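First comes one chain, alone, set out as structure tokens in the form predicted alone.
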């Protein structure tokens, strides 16, 4: 057992001492353990990492997000000090592109203070370098609760999918929470709690109460969503969330591991692979709106980017490009807005939240 990675050894000791842990506890340990967590110890992005996000695919994505937030800032009444908050900013590729594009809106850059919510020391260093040449104040936090009060615009691209997810399986006597345990052969294995979750059926969306036996349901606590809702409904603010997931709550197992751009066994190497689960946009909308914010969307990423003008931007970039660069732009456009398993256009959704006083938001009014 001496060759077992440190985090797996710690998880095994925890299970042996206190019994099986929930999938959410396991996911949280794997991703955010202060010493061995996946996001704490590495840069997971790009060709040499485990996955690639939309801002890394093309500058067009970040540029359109920049124009979106500058437009929303004007709808907010152009406050003199707006907190632009990005949750899980990665290498800050999106923020750099967004700020560059937003320069066309007079006054926006001068009013902006950047607040980055990031737990990874590795990525914080890269973010500092990426923003070092930008004349905008930047602050780092480990949670959105640390961001000072006041008008704000929150951005979250591929953030919510990495928040810990609970799972439950339906049996005759009710829904039992799914757990991670140690099998008789010594391997980590999925199991279920012996007792059903009390009063769980009544908390489910209507479409899930008639789910068949054996159905699996996933949910998040949505504390972050509620905090976003509280902030923007009390501070003249707005938030934009882009992630992969389903528009309506549904049954299904989406918990997965990704390593080196390929799917992996989520129990095979704790802390050494990215763990995610699809975002339930209906549940997220309910959580945010419960705090007084208005929900806009969701719409597919393709719809959102097309309404913001990605086709026009792509055409402008291609107009002065050589043949090789034209092909690169066309490929990026296809990945961001295309349909099918290898594209992001349908699987990824965009949803926004805003103070009810703010009218229709760009990208969500057809």
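Positions refer to the first chain, counted from 1. Every value quoted in this text rests on a predicted model; they were computed, and no experiment measured them.
Not pictured, yet referred to below: the form predicted in complex with a small molecule.
Undergrad: Flag residue 119 as yes or no: does it have a non-hydrogen atom within 4.5 angstroms of any non-hydrogen atom of the small molecule in the predicted bound form?
TA: Answer yes; at least one heavy atom of residue 119 falls within 4.5 Å of the small molecule in the predicted bound form.
Undergrad: Please determine whether residue 97 contacts the small molecule in the predicted bound form, using a 4.5 Å cut-off between heavy atoms.
TA: Result no; residue 97 lies far from the small molecule in the predicted bound form.
Undergrad: Would you please decide whether residue 55 lies within 4.5 angstroms of the small molecule in the predicted bound form, comparing each non-hydrogen atom pair?
TA: Although the small molecule is absent here, residue 55 would touch it in the predicted bound form, with heavy atoms inside 4.5 Å.
Undergrad: So, residue 162 and the small molecule: in the predicted bound form, are they within 4.5 Å at any heavy atom pair?
TA: Result yes; residue 162 sits at the interface with the small molecule in the predicted bound form.
Undergrad: Tell me, out of 270, 245, 229, 90, which residue has a non-hydrogen atom within 4.5 angstroms of the small molecule in the predicted bound form.
TA: Partner contact (heavy atom, 4.5 Å) among the options: 90.
Undergrad: Please identify the residue among 207, 78, 142, 191 with any heavy atom within 4.5 Å of the small molecule in the predicted bound form.
TA: Among 207, 78, 142, 191, a heavy atom within 4.5 Å of the small molecule in the predicted bound form occurs only for 142.
Undergrad: For the small molecule, considered in the predicted bound form: do all three of 32, 39 and 86 come within 4.5 Å of it, counting heavy atoms only?
TA: Judged in the predicted bound form, 32, 39 and 86 all sit within 4.5 Å of the small molecule.
Undergrad: Would you mind picking out the stretch of 111 to 119, 248 to 256, 211 to 219, 282 to 290 that comes within 4.5 angstroms of the small molecule in the predicted bound form, counting non-hydrogen atoms?
TA: Heavy atoms within 4.5 Å of the small molecule in the predicted bound form occur in 111 to 119.
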